[in-house]
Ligand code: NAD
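Only one chain is shown below, in structure tokens, and it's the form predicted alone.
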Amino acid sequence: MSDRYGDFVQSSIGKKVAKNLGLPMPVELDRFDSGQPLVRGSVLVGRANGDDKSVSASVARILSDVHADVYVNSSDDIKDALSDAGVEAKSNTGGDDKFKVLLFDASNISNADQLKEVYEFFHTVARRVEQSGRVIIVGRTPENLTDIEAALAQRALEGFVKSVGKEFKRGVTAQLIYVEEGAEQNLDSTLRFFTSARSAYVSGQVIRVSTGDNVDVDWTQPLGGKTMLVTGASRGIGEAIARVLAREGAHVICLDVPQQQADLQKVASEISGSVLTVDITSADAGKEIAEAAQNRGGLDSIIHNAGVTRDKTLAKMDEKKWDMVININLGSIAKLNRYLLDNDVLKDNARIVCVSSISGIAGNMGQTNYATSKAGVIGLVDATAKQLEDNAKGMTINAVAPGFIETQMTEAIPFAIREAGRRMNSMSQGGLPVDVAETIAWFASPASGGLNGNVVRVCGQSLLGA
């Protein structure tokens, strides 16, 4: 779907008009392109003073693995960790150098006074971040800290990151990654995702990395040899998910209702996947999925993407619209998960990924049924994640919550509401289906064993529910 205003402000005259009138000025976001370096520019790395160097050591190793062009401030002792990892860091001289990524290890911050170190690192380089740049802070999970001073300081980082995401503009994203002690080795997939163009429309998010199976992967094809099933795969976000998973090496079982078979077959044939036509609300849906999975030795991941909207204000909503949305968007996921887990259809280290929505976080007028279903998905993820923590099979469950994504569904929204949805976020534009797909591929990776129970918004840091 075309964003004519967004295209207009990319022109020289459009930029002048928008600037003079104080209008939103969306930029063209960097997105993943095969053959491009993971990090398309220089990385400035910093670290808060303290004795714990475990996070810095993991960060240094990852930057070394991706062959990043790394800079440090002259007084920062993170240089030792980088040197140990084989990274020859350059000195930030305070000149005109621009950075694609600003990465700060805040894991040692243990009181309010030490938050000044965050200010000092970012203050001097706030105007030196490139377009579509990345701001990343790595800290410690506050809920796991017993010291009140340390917990408040780490929790304070959320306010800083979310504010930066709204201030820096020009497609710059900001994220906070909390890492449990002992889980530093599980940082790889998350840091690779957020330093890269794959995370173009994800901003202002807080990620929790916990202990979990640390699985080595071939980063050129991280899903190689895996079998993954995507519901609602015939078009829109589902189609994009199927294509990205296949691009990353997975065999994708594309599932949709029988009425969508022609479109489904087209998608599957183009990605060398397979087709499964099933109504996910039917009593035999779990069994049919299990049979299809058995032909490939089980499922490494299931992506619960299928969903519908039937919008009406509550007073005008009939029972049929309520039931349909709840059954498809929520009830079917719970039933399928129960069947697949009870019957060992999911392999060890399997990844369950659900699609929620910012409507489930913030609510939305005329969407009591939809918002209820998507909030329920988050509840399902929370509860299932706790159960999987005690499961020795290394399985995980996470969710994405898309905001305004340019699809056939959003194209049907009235013009004024559609424009408001596009502009009411830090990127001043709608996202693309591929943005949701890239986030799901990160969760679905075998290397994401430390991610369990996360809900990540793919919304350009929407003002709704922020």
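Residue numbers run from 1 along the displayed sequence. Computed from a predicted structure; not experimentally measured.
Keep in mind that the form predicted together with the named molecule is missing from the display, and what follows is about it.
> Even though the partner isn't displayed, in the predicted complex is residue 139 close enough to the named molecule, meaning a heavy atom within 4.5 Å?
Output for residue 139 is no: heavy atoms all beyond 4.5 Å of the named molecule.
> With heavy atoms only and a cut-off of 4.5 Å, decide whether residue 235 touches the named molecule in the predicted complex.
Yes, residue 235 sits close enough to the named molecule in the predicted complex that at least one of its heavy atoms falls within 4.5 Å.
> With the partner left out here, check for me: in the predicted complex, does some heavy atom of residue 26 sit within 4.5 Å of the named molecule?
Judged by the heavy-atom cut-off of 4.5 Å, residue 26 is well away from the named molecule in the predicted complex.
> Determine whether any heavy atom of residue 407 comes within 4.5 Å of a heavy atom of the named molecule in the predicted complex, and answer yes or no.
Residue 407: contacts the named molecule in the predicted complex.
> Check each of 133, 307, 286, 212 and return the one that places a heavy atom within 4.5 angstroms of the named molecule in the predicted complex.
Exactly one listed residue reaches within 4.5 Å, namely 307.
> 185, 260, 274, 343: which sits within 4.5 Å of the named molecule in the predicted complex by any heavy atom?
For this set of options, the contacting one is 260.
> Just one of 188 to 196, 265 to 273, 353 to 361, 173 to 181 has residues with a heavy atom within 4.5 Å of the named molecule in the predicted complex, so point it out.
Contact criterion met by 353 to 361 only.
> Mind listing which residues of 279 to 299 have a heavy atom within 4.5 Å of the named molecule in the predicted complex?
Heavy-atom contacts within 4.5 Å come from 279, 280, 281.
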